[in-house]
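Here we start with a single chain on its own, the form predicted on its own, put down as structure tokens.
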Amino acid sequence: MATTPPYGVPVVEDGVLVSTNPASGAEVGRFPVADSDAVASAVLRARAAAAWWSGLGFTGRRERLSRWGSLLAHRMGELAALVHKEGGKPVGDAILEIACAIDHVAWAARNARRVLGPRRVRGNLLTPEYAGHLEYQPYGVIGVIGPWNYPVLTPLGSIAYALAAGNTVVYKPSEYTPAVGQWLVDSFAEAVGVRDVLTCVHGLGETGAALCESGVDKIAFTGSTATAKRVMATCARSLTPVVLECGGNDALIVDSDADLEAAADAAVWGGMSNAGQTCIGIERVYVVQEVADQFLAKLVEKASALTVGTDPDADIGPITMPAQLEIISRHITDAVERGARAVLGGVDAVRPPLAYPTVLVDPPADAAVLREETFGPVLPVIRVADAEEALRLANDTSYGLGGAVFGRSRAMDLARRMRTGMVSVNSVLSFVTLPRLPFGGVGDSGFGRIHGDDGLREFARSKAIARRRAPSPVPLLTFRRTPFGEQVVRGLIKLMHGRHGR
């Protein structure tokens, strides 16, 4: 007997991917599934377009990317409505995501020449006849595999920077949000007038695997750590380089001198916006004992006021992936059964397709809610003796994506010592809104960076050129080297480097 899959689960019918709303089951769109031949064809078309796109230079690409950003800005409402329709995200959250993404597109376009433009590099005393030149050349074709939880901001963090660096892009959006991915690709073609610079391939995991094996010059992946390992293993067979942005289990430290009102407000936003479906969301809160009761009271008050529903203006919308509801429920139940107090929500908080705000106090250190990524509106709060204990527990994870610290006297020191790629001080998630800052993690959260100068360089190869500009006063790089030349080498090295450590 056939069963109907839960709303929002991607279904392939006769070679077509069917996207539906996670709350109502209403069909959002149909997209042909790209098999390995279709993916290879898309990559070939992108490679043919790469010479034109790269040949535009920084100025030409900036002008076209700026046109795209302008189009996105004027059609934010249309795109936000589609994000809500396909993924369930409240429209206000979608608008914020899109606004941040547009800012990144503009920043990458404006700064590509400064970061990647050719430059002279100083020589040295040993070989003064040589001048150094450094430039960054595009890889060619970049494959981008994007997530469903931030289907605009996250992929554009790779796509915009790759395009600004002179590459063409083949984009495989999540099977949960293919309509948003196709909308982005179509809007780029509308703004730029050329289709094969940014193209889209749709499908399930097999399509992503085909993209990894298609001969692209680099893969930028965002998703779970388990899938990232499979992506990396596949790419290793062809030595295709990768940048991986994986899951997180981000911690918030609330020190004794923190602004508790601001900390509670930030904790609720960081842990429960987008229904908690945020890779850099707050998943653990460590609060110093002397202020714990005050903080908890404020936290519960703010979380209790959130509206939950499927309408566009709810604070918390539906969980996009139905399977995630089981994980959220398991984490809450496990924590409560092992002694955690549910001061808000609890074991009945999951009511498909929704998950209601839950605050758990003092779950044990090995509880699943502290060790794994919950990806739901659940905040475990752990009381600690002091900030040092909070830091030790915050770092006790295999993940290392982002984090946050609220406090005054020790906040920056604690932030520097968090084992993460990014930290917000007296805020949460704010590093993603600053295009100049690189974005990425350590450990099971992946490696490589998007955004900022590092993000631009991630999508370009450095090319070093040494040019001889004059005859050699003392020839060294030759078999005609003389004993006098060797004496000069010894003397110069002692002069430059031999003055310390004697």
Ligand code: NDP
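No experiment lies behind these values; they were computed from the predicted model shown. Numbers follow the displayed sequence, beginning with 1.
This next part talks about the form predicted in complex with this ligand, which is not shown.
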- prompt: So in the model of the complex, does any heavy atom of Q294 sit within 4.5 Å of this ligand?
  reply: no
message: Is it the case that F439, even though its partner is missing from this view, gets within 4.5 Å of this ligand in the model of the complex, heavy atoms only?
response: yes
field: Partner proximity in the model of the complex: P138 to this ligand, non-hydrogen atom cutoff 4.5 Å
entry: no
- prompt: Is there a non-hydrogen atom of I282 within 4.5 angstroms of a non-hydrogen atom of this ligand in the model of the complex?
  reply: no
- request: Name the single residue among N167, S273, S424, N149 that comes within 4.5 Å of this ligand in the model of the complex, judging by heavy atoms.
  value: N149
query: Just one of R417, R230, R371, R341 has a heavy atom within 4.5 Å of this ligand in the model of the complex. Which one?
result: R230
query: In terms of non-hydrogen atoms within 4.5 angstroms, which of the given stretches 264-272, 128-136, 205-213, 85-93 touches this ligand in the model of the complex?
result: 205-213
- prompt: Is any part of 241-275 within 4.5 angstroms of this ligand in the model of the complex by a non-hydrogen atom, and which residues would that be?
  reply: E245, C246, G247, G248
